[in-house]
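First, one chain by itself in structure tokens, the form predicted on its own.
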Amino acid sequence: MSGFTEWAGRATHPESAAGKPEALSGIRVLEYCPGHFGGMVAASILGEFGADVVKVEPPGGDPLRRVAPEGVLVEGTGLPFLSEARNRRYVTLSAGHPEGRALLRRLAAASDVVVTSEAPDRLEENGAGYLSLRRERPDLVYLYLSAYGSFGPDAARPVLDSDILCQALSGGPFIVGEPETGESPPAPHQAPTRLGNWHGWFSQGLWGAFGVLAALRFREETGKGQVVDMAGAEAMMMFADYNITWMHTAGKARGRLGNYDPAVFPYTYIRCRDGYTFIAAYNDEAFESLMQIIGRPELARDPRFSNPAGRVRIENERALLAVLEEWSGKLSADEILAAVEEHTSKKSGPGAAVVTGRVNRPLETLSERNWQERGCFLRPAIPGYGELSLAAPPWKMSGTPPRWKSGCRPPGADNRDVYAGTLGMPEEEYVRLGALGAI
């Protein structure tokens, strides 16, 4: 074990976070994003780094609380909401009530950061938008989340900012999925394919939080706040990688290739005796090593495979995949890993660049010793909801580490604490607003 490895294990492990400073201590964040998971992701990241996040829900609770895959609810709350509901105080207010709208404005004016998925014009009508508040709070940072962005020809479209819409608009799903074979109509599995679990919302929240952090750094130097305008489709476009450039320079769009790759091959998942494993050989020397590993050294000189340009022709990729799976189908993922490591350990430079790794099922990932020792998962007991398995913050930091401090709470659980404590609302006003249905 190297000196840095040993030091990092002590200095950056999540168990060492207690007592260390928090990067965003003293920053208050107002999250007003009913029904919008991207807003929850952005606010969660800021909360993990120490911000005081106040989540505003309608009196009946955020609609996301009722989203439940296969109907799985914990005390009336769905798993997606529970997984992202950390490090917050929960208040309720009715934005349809005049006094509720006034209260929303007060909360925004008392915050350093506002994260919202509400239409800017609607917020301005209520006096809670950035333009309405910037004279009073010139240091306010305002994150607007939407599908199309807050300006542009499509900005005014009355659409629900949903994950699947952001994905569709980005062009990403069009290049994901099995290639079309020309049959008519195409088989169902040859359609554009959604990118996993709510990637549109996750990327929107991640990039949105990144923008907020940069804005807070600028504010620290100048005292000036600003708007962060984050379109979900744009957030997904950041993952298009070289494909946008390729479309411009080659004059054609990339089609769906499944697990084949137009830039390098092999760079794919292959079947093995106990599931799937990843295999990659990035250059000619590595490809020659791989062919030696599988017992087919002659294929490194086969005209179809002897250079990178030949290996990425789709017909040659199909042929090479069949060869690889003829070998891998008799072995387990661990046996494949052992064979690769045994061979590459005797090489250096490009010839050692053969990469493999098991394609884990989720439960296998949860049980892997590496991730367990790094503290990648939490199993907190959340009052009212019981014990849940959750992903821990992925950043390991020695000075100002993020941390999980609290879990989900019922709608309005912190009304008195926020309204009376943070805003200084007199008791009689708090009681009156409750009687009016404004909170």
Partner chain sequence: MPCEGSFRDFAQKAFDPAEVASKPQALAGVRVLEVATRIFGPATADYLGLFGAEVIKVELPYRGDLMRYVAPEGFFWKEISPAFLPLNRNKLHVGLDLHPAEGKDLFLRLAEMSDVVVENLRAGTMDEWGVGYLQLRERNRGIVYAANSGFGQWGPCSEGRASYDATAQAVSGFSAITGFPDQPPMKAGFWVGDYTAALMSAIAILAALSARRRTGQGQLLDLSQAEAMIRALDWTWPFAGRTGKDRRRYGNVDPSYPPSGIYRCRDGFVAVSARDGGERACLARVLRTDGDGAPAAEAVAGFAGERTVAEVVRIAEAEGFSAAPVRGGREHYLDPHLRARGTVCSVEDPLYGRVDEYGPAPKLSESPGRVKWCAKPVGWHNERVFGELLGLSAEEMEHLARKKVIGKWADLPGARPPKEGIAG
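Residue numbers count along the first chain shown, from 1. Since the model is a prediction, treat every value here as computed from it, not as a measurement. The term rigid core refers to the most C-alpha atoms you can superpose between the two forms while keeping them within 1.5 Å.
The discussion below concerns the form predicted in complex with its partner chain, not included here.
J.: By the heavy atom within 4.5 Å rule, which residue out of 223, 357, 329, 96 makes contact with its partner chain in the predicted complex?
T.: Selected option: 357.
J.: In the predicted complex, which of the listed residues (280, 299, 339, 110) lies with a heavy atom within 4.5 Å of its partner chain?
T.: That would be 280.
J.: Counting only non-hydrogen atoms and a 4.5 angstroms cut-off, does residue 23 reach its partner chain in the predicted complex?
T.: It does: once its partner chain is placed as it appears in the predicted complex, residue 23 has a heavy atom within 4.5 Å of it.
J.: Since only the chain is shown here, I'm wondering whether residue 57 would be in contact with its partner chain in the predicted complex (any heavy atom pair within 4.5 Å).
T.: Residue 57 lies outside the contact set for its partner chain.
J.: For residue 415, is any heavy atom within 4.5 Å of its partner chain in the predicted complex, or not?
T.: Answer no; every heavy atom of residue 415 is more than 4.5 Å from its partner chain in the predicted complex.
J.: Indicate whether its partner chain has at least one heavy atom within 4.5 Å of a heavy atom of residue 312 in the predicted complex.
T.: Residue 312: contacts its partner chain in the predicted complex.
J.: Mind listing which residues of 118 to 139 have a heavy atom within 4.5 Å of its partner chain in the predicted complex?
T.: 120, 121, 124, 125, 130, 131, 134 sit within 4.5 Å of the partner.
J.: Quick check on residue 348: with the core superposed, does its CA move 2 angstroms or more between this form and the one not shown?
T.: Where the cores coincide, residue 348 still shows a C-alpha shift between this form and the one not shown that is 2 Å or more.
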